[in-house]
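First comes one chain, alone, set out as structure tokens in the form predicted alone.
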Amino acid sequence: MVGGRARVRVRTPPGFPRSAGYDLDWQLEGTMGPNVLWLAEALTQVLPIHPEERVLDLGCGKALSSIFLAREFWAQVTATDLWTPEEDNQRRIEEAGVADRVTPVRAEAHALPFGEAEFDVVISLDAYHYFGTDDLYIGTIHRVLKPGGRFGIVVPGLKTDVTSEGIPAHLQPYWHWDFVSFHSPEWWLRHWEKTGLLQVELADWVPDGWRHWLAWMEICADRGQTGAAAERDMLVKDAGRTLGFARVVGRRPANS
């Protein structure tokens, strides 16, 4: 079954039992960076998803994480992305057998076509750093979350925020200008809390996140995916000194 229990077992890191059984070819076909199922499981370990909750998967890419949330937690998921055609995600959703629980929507993050307080949970995996560093963007999340609703992200990050003069020497050969969107968990905590719109409940590193990132890049490089070898080499060179995944969870106050 596409997106079902494995025909080919993925070398899943310990601690991700839900992700361990998903088909390798299905994951590779839908990958757009680090393994999004591992990121989803890392987030849901600290942000529980309950059956029938309405979840916005913001920047869902090819909807693998949305399918995962629907299959594993029986959530009602809105799979929202700008770059992936809606019909392509609809096909993947139907093939995975969750068309009754996942709805694809193509939308730009600053123009979400949703009503006030529509979702119990908003998540964003390997995507929020592309738009959420805007000082004003948290207002969009606040608008679509129900009072008391929860918001969680997992994004690539840096242990210590750097300036153009402070890029570590070992990363300079690999550094892209858009890495300026990588920040520490502490940076995200300050970024959200200064607005007063969210109460931050957790801001930490995904344990061994850089190792998970590297493990997936090794698989992708073995399959000849464009750019994976260079990303793998960067992570080998860094060895967890600088790079990893920031994991942040907040809540809209019940009285706001």
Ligand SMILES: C[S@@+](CC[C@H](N)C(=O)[O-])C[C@H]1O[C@@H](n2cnc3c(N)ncnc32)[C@H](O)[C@@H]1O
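Numbers follow the displayed sequence, beginning with 1. All values derive from a computational prediction rather than experimental measurement.
Unshown form predicted in complex with the ligand; subsequent notes refer to it.
When the contact criterion is heavy atoms within 4.5 Å, does D126 count as touching the ligand in the predicted bound form?
Heavy-atom contact with the ligand at 4.5 Å: present for D126.
Taking heavy atoms and a 4.5 Å cut-off, does A109 contact the ligand in the predicted bound form?
Yes, A109 sits close enough to the ligand in the predicted bound form that at least one of its heavy atoms falls within 4.5 Å.
I'd like to check something about L202: if you look in the predicted bound form, is any of its heavy atoms closer than or equal to 4.5 Å to a heavy atom of the ligand?
It does not: once the ligand is placed as it appears in the predicted bound form, L202 has no heavy atom within 4.5 Å of it.
Is it the case that L82, even though its partner is missing from this view, gets within 4.5 Å of the ligand in the predicted bound form, heavy atoms only?
So L82 counts as contacting the ligand.
State the residue from W74, F179, F131, F114 whose non-hydrogen atoms include one within 4.5 Å of the ligand in the predicted bound form.
Flagged contact: F131.
Of the residues L56, A42, A70, C60, which one places a heavy atom within 4.5 Å of the ligand in the predicted bound form?
It is C60 that has a heavy atom within 4.5 Å of the partner.
Please determine, with the chain shown alone, which of 205 to 213, 31 to 39, 220 to 228, 185 to 193 has non-hydrogen atoms within 4.5 Å of the ligand in the predicted bound form.
Residues of 31 to 39 come within 4.5 Å of the partner.
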